[in-house]
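The data below hold one chain only, encoded as structure tokens and taken in the form predicted alone.
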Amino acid sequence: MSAHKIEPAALVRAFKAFAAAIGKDNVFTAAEDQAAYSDHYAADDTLHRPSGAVAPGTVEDVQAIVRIANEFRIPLWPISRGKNFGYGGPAPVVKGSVVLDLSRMKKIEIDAENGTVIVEPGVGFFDLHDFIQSRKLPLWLSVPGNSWGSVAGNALDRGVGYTPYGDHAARICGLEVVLPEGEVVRTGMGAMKDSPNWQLYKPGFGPSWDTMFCQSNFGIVTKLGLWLMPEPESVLGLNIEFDKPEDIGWAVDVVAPLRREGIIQQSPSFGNWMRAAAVMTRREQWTTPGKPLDEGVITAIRRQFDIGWWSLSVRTYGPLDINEATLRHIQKAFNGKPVLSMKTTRWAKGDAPMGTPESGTPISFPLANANWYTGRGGHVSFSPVLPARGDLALAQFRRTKALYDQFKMDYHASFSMGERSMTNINQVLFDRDDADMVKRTDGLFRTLVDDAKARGYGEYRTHIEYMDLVADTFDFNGHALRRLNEKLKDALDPRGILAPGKSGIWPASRREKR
């Protein structure tokens, strides 16, 4: 048997063994199942189509599946809920892989006093939100813009949210992991039997492994510890509009020191006018197909939604008197600046719930932007990280906008402000039924990667189709990081069965696929 080819006869035997181990009702091999676990936003969803899926219900089921996959050399592609749309959804890098669907694993264990939770991969943001609300616990989630995915899966893929706990990966504290040969380990203090500190102290003793399982194919996370935010006394905010595209430069220079100093504790995001237009309307309402969105259209969109060229929402969390002082400090930083408008928002404990992501409430409507075009919608995101400097933001905007124009695509971007960096999130919306647009989308994405690499900017996450492309940009010392990842991969997964190709990490038997 070839070490790198998925043998049809071995696949048949493996599926029989999976059914015997976890029940035939939890094994999915029909054509419609293969389609369901494909990339729903791909122009050609057959390129990464799996051969089927298995859905374990327990950690022991996961171990059994992993051992069978090793026996028959069948590649597995673990997913939590498969909702990572725009990055490949449930689809694997290697066509024909078996999707390991963990969505049946939905246990929640919460420590209300310490504000921690242990979730299994199938727990979604709505699940955890309802769990907390039904028990009237004084805890808030941090949620991403599209919140129908997995709490654990989003944190492991370094997803982000809107509150001070919005760096989800940074809030991980303790994992349970099934390794590629079936052994179960717990990280941090969880490596000590019955430790009460598993979700309280991150490092443990010796090397810390939590982050090694983020965006990697070194193991299957079956339990994830997470810190939750205590419900604040108040949330005050500013909604700021900027009139000109060039305002992004000076505005970033106002916000960046406030983030570094901890005055602003969440990651505010500058979004251009397309962020509202693509969610609330469709392109055909503004112009005819094939015609660019000129200044007249942009002005009409801005007038309808009463927004600037860029919009920024800043929120402060905590005791009311501290928040009021903090908000005054932030307003003062904008004194004398050409702000188009600035409106305040206020919530205090006892008020009606805000029902917004800023208060940890899950939402899903932003995904409506995939319907921007008339045909079947799709999108990919290009998100390089760069230093938090206004001149670099302005230059990044100008170059990226010019490339969008060159490839005849609609510019849809934001700049999310981290503590020391900013992430330029560019959404590329396209019509999957338009072959020429699909080709232009691919060309734009690859050109954006080259443009960022020339300046030393790397992406923080990417679509399955581009994982090798992005991994190749991390090239210090002849791709020393990739070689380190490969050494770990070969040591932990000698048969190369777990998510080959994820994040550009290939096992020895498949390295020629890179």
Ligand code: ADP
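Residues carry their position along the shown sequence, with the first being 1. All figures in this text were calculated on a predicted structure; none of them were measured in a lab.
In what follows, reference is made to the form predicted together with ligand ADP, a form of this protein that is not presented.
Although the partner is absent from this view, residue 83 contacts ligand ADP in the predicted complex, with a non-hydrogen atom inside 4.5 angstroms.
In the predicted complex, ligand ADP lies within 4.5 Å of some heavy atom of residue 157. Ligand ADP is not drawn, but in the predicted complex it has no heavy atom within 4.5 Å of residue 310. Within 4.5 Å of any heavy atom of ligand ADP in the predicted complex lies no heavy atom of residue 98.
Heavy atoms within 4.5 Å of ligand ADP in the predicted complex are found in one stretch of 249-257, 189-197, 386-394, 217-225, which is 217-225. The single contact residue among 417, 444, 413, 79, judged by any heavy atom lying within 4.5 Å of ligand ADP in the predicted complex, is 79. The partner is absent here, but in the predicted complex a heavy atom of 149, alone among 232, 357, 149, 378, sits within 4.5 Å of ligand ADP. In the predicted complex, 121 is the single residue of 107-136 with at least one heavy atom within 4.5 Å of ligand ADP.
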